[in-house]
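Two versions of one and the same chain are coming, encoded as structure tokens; call them structure 1 and structure 2.
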Structure 1
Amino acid sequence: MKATCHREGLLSAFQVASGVVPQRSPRPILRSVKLVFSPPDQATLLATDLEIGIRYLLSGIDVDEAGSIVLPVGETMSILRELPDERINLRAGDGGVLIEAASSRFELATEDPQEFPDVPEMGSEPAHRTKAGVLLGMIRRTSFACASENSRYALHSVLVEFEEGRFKFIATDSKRLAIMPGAVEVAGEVPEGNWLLPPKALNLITRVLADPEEEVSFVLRDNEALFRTGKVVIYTRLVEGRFPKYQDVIPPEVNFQIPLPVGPFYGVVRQSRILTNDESRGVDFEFAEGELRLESRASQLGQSEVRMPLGYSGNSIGVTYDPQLLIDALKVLDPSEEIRLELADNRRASVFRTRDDYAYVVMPLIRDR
């Protein structure tokens, strides 16, 4: 293998890849990336941590001789950063890879490319299409609601579902549930299935996607999912297991509909959280005509009462929430937006809905009133 590449282009590919490659691993080859050169002018950079992976297409490379090499991420990135040259030569030599520039020469001991774990490719199969902005919004509004790593593993994931013209991301940790739909151009029939994406993969997508107008195509296979945008393909393995029947927690009837402006509501919830602690985490929300009153009380700390004007003119209702659960969701919403709180009563799940069909379901804390 022999090629000449643009140093900065290669460096930025390495920077994207380094987000995937684990910093610590028992095997040096797993702290490396693989480069596959194909004539006349292309190379693909592959990086993986065995759960997620990335394929980054580099062009504008003079490939003299096709082939693959494996490069250690840390050292190679330092070399690329330190070299002043615009173009560098890469060559597979005896027992290692040579990186040559005008006045420098590095010989890296490397591993056998055949031993590098494969990163699957997006084939010619039909792919669904959406916009980067849509996908990013869906990730931002759902991934925080996943359960932590050490709980049931199906909950440490985001569920993907399809309906006519839309797809949905759903996440829950059993105390709250976030559902965000987005427009999609489905390839073929509306797919039916149960795909669970690990949060790690969603993080990577967030880091790689920049332009919201960019088109993203994706395929969901039995065991893996692939997302492609421009020159990057992101690969992830899916999570095993069954996602809970989340529809069942949303009460069928709505007895109270309360409009809430995100900015001011977020403000009062943050205030009311101050005087709460682990023993008394609940804040009492009293929705009344024209006014919302929040009360919190914590032994040893004290108590608080916060008021906010409310454009609501129905029956009063008092509900107790863990303010942190509301804050998590309010944080990712636009402060100028108005949302609607839908309640059946103060014991069953409450649903916060936005105009763009985002639903955030919170279980109230039960308190005797």
Structure 2
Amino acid sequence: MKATCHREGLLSAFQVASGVVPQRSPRPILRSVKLVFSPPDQATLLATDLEIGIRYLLSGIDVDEAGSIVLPVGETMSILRELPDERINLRAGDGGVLIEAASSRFELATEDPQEFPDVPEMGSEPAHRTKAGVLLGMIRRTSFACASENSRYALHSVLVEFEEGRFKFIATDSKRLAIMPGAVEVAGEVPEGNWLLPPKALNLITRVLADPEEEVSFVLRDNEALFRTGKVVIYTRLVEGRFPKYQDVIPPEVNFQIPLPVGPFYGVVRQSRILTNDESRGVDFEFAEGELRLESRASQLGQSEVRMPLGYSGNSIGVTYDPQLLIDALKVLDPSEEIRLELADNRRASVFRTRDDYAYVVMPLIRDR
């Protein structure tokens, strides 16, 4: 095998693939990537941890001899970062791989490419299609709400639900719930049901979607999912487990509807968080006619009061929130848009809604007032 590659393009592919490669594995070969070369200019990078995998089509390649090589991720990325050359040569040698530039030469010990696990490819089955910007919005507005770990429910996942002709992404950690639908061109018959995607796979998808207008195709099977862009295919096994009945936490009645500008609201919530700590993390929100007042206090830190004009006319209501739960959602929204806070009372779940049907549900903190 012998090929000439564009260094920056190869480095970019390795940086994306590093999001898949495990730090530790009983199979050392998984800490590497596989490169498959086909004349005259075809090359594909493969990486997998056996649960998630990526196939990355490389550009800027001149292939002199077909073949495959396996390269360790860490060492290869360090070489690619440090070399000043625009073009480098890759060549399979006796028991290793040579990386050659104008004035540098590295010989890396490597493993048999035949031992590298395959990464599934999308077949000829009908695939659903959407814009990259739509998919990014669905991921970014939900995946942050996943639990870091949970043994009872499959909360460390994003639920993909197909209902009434459209897809929705849903995530929760039992303190908050994020729901985001997206415009998807549905292919064929989709069974009513749901699929659980791991956050690691979704984070990998966000790293390869640069153009919001690019088309993304995806298929959802019984135990796996695949996503394809122009040059990347991402494979993931689905999370096993039971997702809670999230609909039960959304109050059926609304007694207060309060409009909130995202940018200014984000700013005052961040201010209110400054004088909080683990023992006193709650901030008191007082929604009144024409004004929002936020109060926080913490022993050995002090107390604060922050005010914001409010386009609201109605009865006053006070609610206590963990400010970090609000910050997590507000920072993925457009600062120029408006959200609507819906409340039944100050003890049941609060629902923040946007005009594009995003819903973010937060459980208030209960304490004596």
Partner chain sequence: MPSKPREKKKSAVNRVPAVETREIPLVGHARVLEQLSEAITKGRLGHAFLFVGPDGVGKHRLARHIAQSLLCERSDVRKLQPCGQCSSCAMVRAGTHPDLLQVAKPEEKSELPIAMIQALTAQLSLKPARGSRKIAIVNNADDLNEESANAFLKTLEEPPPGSLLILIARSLESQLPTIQSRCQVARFFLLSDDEVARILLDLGKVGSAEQARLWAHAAQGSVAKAIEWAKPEWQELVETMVESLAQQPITSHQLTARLLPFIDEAGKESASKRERARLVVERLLGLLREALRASCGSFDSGEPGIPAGRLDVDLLADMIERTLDTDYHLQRMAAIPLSIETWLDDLARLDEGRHLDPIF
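Here, a residue number simply tells you its place in the sequence of structure 1, counted from 1. Rigid core: the largest C-alpha set superposing within 1.5 Å between the two forms. What you are looking at is a predicted structure, and each value in this text was computed from that prediction instead of being measured.
Pick one: which structure is the form predicted on its own? Looking at both, the form predicted on its own is number 2.
With both forms fit on the core, is the shift of the CA atom of D278 between structure 1 and structure 2 2 Å or larger? After core superposition, the displacement of the D278 C-alpha between structure 1 and structure 2 stays below 2 Å, so no.
Rigid core superposed: S104 CA moves 2 Å or more between structure 1 and structure 2: After core superposition, the displacement of the S104 C-alpha between structure 1 and structure 2 reaches the 2 Å mark, so yes.
Under a superposition restricted to the rigid core, does P259 display a Cα displacement of 2 angstroms or more between structure 1 and structure 2? No, its C-alpha moves less than 2 Å.
N89: how large is its C-alpha shift between structure 1 and structure 2, with the rigid core as the superposition reference, in Å? Looking at the C-alpha of N89 between structure 1 and structure 2, the offset is 8.1 Å.
Let me know the CA shift of P72 between structure 1 and structure 2 in Å, rounded to one decimal, core fitted. Core-aligned C-alpha shift comes out at 4.2 Å.
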